[in-house]
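We begin with a single chain expressed as structure tokens, specifically the form predicted alone.
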């Protein structure tokens, strides 16, 4: 056996092992180059087989007839760019006259089979230009977030999309969000990733966790206010409504409505204010909204109505005041009482983990994108963290957040505890926390007490 043969066998063995154990490494080492070559070689025939070609134009037919040449073939969209990424390929196409972006989107499953890729999605960049994103392997099986992500205020990289792109929770673009999911579906991990992403930012975190605080109170050092009972949650929400009114008074006082101020500089929300006057933005996380909406007596019903009214006010008016809602629950339907559907209509961002029935998925996507309902109910039970996300624009995608343990989230919140702002309106709800232990204190078990 020659040295060349031995080297070839070793390379093939390494490729097989990498594809089995480390698909991302395999893709970067071998898969990207092979897939690029495969796409370029098969491109014309695949486009023709998938019905993505157009017949030759009249002037080409006339020129062929005059020159006594063969009839020109149908033409596929022109390739503008082929760019390998760490998860797949980016193919930018210039559409021919008579084609539209829906043609590419409708043929995405056929393109996936023809090009032997794991997944294919497309989006229109501008008129006549479509970007086709292909993934070479299952990026959601073992989520690895990229080291470098886009940095922007109130924009959190929270999960990875099935096409390999980073999914951001952008509070300035989508102020309020709803997260649904059954027990053990990964909803709590998704929430931890949100807190972990917000912890290093200049933002106040407010939590409402009526499960006696087991989810959010371990992260208390980074929270400006916490509530663990419906009674405390009512007082906290009404304090937030009062704080919102004070912020609007500040905006009114600093609107700068003089004639020599450009329209773009007139203040309409906190982000138009000068930095030294800008109130700190607030993200309100509600862990289980059903605990705020259920009641068993007349007094609890009155409390429930006040809670829902406060949430609706914050959802309708809170964006300009820098107050953003992140509401989680297992179900969020009209059976929770009056005002619930009005509140749900204000929650633009929708994320659904595995649900127990189709009606729960309809609560999230039935009024936005019916196809996402089918995707949500097909999430298997053995893949916690897989979710379907969408918004009122009609687009949706499958995502998965990286696993973040409670200890990791606690350590990150403790690290950035000095960033926790103190808001006078929320001071009564500031969680009481003990001082952090010194580095010199040994983390050993204490001796048992003796009588």
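Here the structure is a predicted model, which is why all the values come from computation and not from measurement. Positions refer to the first chain, counted from 1.
As for the form predicted in complex with a small molecule, it is not shown, yet the points below apply to it.
- Taken together, the three residues 183, 384 and 402 all come within 4.5 Å of the small molecule in the model of the complex, as judged by their closest heavy atom.
- With the small molecule left out of view, the stretch that reaches within 4.5 Å of it through heavy atoms in the model of the complex is, among 338 to 346, 84 to 92, 185 to 193, 239 to 247, 185 to 193.
- Residue in contact with the small molecule in the model of the complex (any heavy atom within 4.5 Å), chosen from 211, 144, 113, 123: 211.
- Interface residue among 309, 362, 330, 99, judged by heavy atoms within 4.5 Å of the small molecule in the model of the complex: 330.
- When the small molecule is considered in the model of the complex, residue 288 lines it closely, a heavy atom lying within 4.5 Å.
- Within this chain, residue 162 is remote from the site of the small molecule in the model of the complex, having no heavy atom within 4.5 Å.
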